[in-house]
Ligand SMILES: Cc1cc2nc3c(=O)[nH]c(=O)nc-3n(C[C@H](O)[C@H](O)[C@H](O)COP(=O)(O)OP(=O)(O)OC[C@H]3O[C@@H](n4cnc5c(N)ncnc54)[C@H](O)[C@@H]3O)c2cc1C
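Have a look below at one chain only, the form predicted on its own, in structure tokens format.
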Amino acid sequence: MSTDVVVVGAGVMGCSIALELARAGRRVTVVDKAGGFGLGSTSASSAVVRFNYSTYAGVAASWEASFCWRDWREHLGCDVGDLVRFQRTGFAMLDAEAAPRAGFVSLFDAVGVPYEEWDGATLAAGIAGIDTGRYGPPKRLDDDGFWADASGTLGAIFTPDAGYIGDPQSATQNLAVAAKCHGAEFRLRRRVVAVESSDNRVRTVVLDDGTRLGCASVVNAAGPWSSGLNELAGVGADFTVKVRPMRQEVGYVRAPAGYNPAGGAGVTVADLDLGTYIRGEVGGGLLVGGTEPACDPLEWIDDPDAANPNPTQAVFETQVTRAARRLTGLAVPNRARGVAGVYDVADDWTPIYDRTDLDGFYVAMGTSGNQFKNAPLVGQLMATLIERVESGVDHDAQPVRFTGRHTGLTIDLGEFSRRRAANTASSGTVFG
């Protein structure tokens, strides 16, 4: 059997890439070991749509992608049934030493992202029940300093156009159905067991049922399994940025009174001062995640399939207690509730969207838990990259540049190169 492109991974990235490649007229086959769409890292995403990144390319990509989410039907380009909805909440990035506001302000100005600079009084007025005290840097709960009085007052950078997608798995389903509308095929419950090449060109993807898919190109969008797929293909030796799987948890609690006004969802809050983030949900729920503070151990894992899929009491209590320090009306339940997932984390928390030294083998990996919001655009970036490289462009020497249809912004794809210098401006957290 033959196809033009094999996309490995039917998460939000793989389905978006499949849609854009199929829309460009290529025959696309998507392979995933799971029995559905978005059942890996995607299903555990908090699906926050924000614009706070440490690079121009990161901010520009998230701003362009936000317009796709706002007009999701138009982006998909065909009838896919029930559509996911973008919930506009606004996003408050609280002041913290790990991510100074000056860096965000300069990038927002360069990209054109609307924002407001809030002082402590404005922050208190904008988010019901918030404690504006400065408590950082983050501390463990068993550190006496965790309960110390505030050393000052925090403000925030507020971006009114941010929000979230309520169901990341349904968003992936929408993309998969749209990809099928444009001719893409899906092979679920199938594992890739070999990637064959000759003359430094990818030729065939072999599946666990013996199927051999002859192809001109392969896109590795396998999330935390992406490094293993690279090993099968014999690529990765020239990567200057390494990627490892990391297990993460997100807790679920009831929001305190007043946080979700008029049945909507309260402002999403990034609190690197205490080491947590908070995202409301329509109906009174609250998602609470961590921001990888230095005081917390990171749970690196060797085998994503062996990761504990259930939230743990220790992590739940830590994250929700930190959130309760910030939202004074938040109760800390005595039983863990939430989701656990695995990220493929790059050294500098910036993704790799690139070719490799094996012709025809491309990667969309190292998404580090912060790229769901960019998924609609990533499909376009990868489709453009593949088209240009397969047409003879030397992307390593002269990086492909992409111009966003909605914003007109130009994004240098060299910023996502496998061979880039590490992003020294990174916060070293999920915020990139």
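Everything quoted here is computed from the prediction, not taken from an experiment. All residue numbers are counted from 1 along the displayed sequence.
If you look for the form predicted together with the ligand, you will not find it shown, but the lines that follow are about it.
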Which listed residue (70, 395, 406, 33) meets the criterion of a heavy atom within 4.5 Å of the ligand in the model of the complex?
-> 33
Answer key, the ligand contact in the model of the complex at 4.5 Å (heavy atoms) among 140, 337, 201, 191: the residue is 191
Where does the ligand sit in the model of the complex: which of 154-162, 354-362, 215-223, 309-317, heavy atoms within 4.5 Å?
-> 215-223
Residue 343: heavy atom within 4.5 Å of the ligand in the model of the complex?
-> yes
4.5 Å heavy atom contact, residue 371 to the ligand in the model of the complex = yes
With heavy atoms only and a cut-off of 4.5 Å, decide whether residue 376 touches the ligand in the model of the complex.
-> no
Touches the ligand in the model of the complex: residue 18 (any heavy atom, 4.5 Å) = no
Can you name the residues of 1-37 that have a non-hydrogen atom within 4.5 angstroms of the ligand in the model of the complex?
-> 8, 9, 10, 11, 12, 13, 14, 31, 32, 33, 34
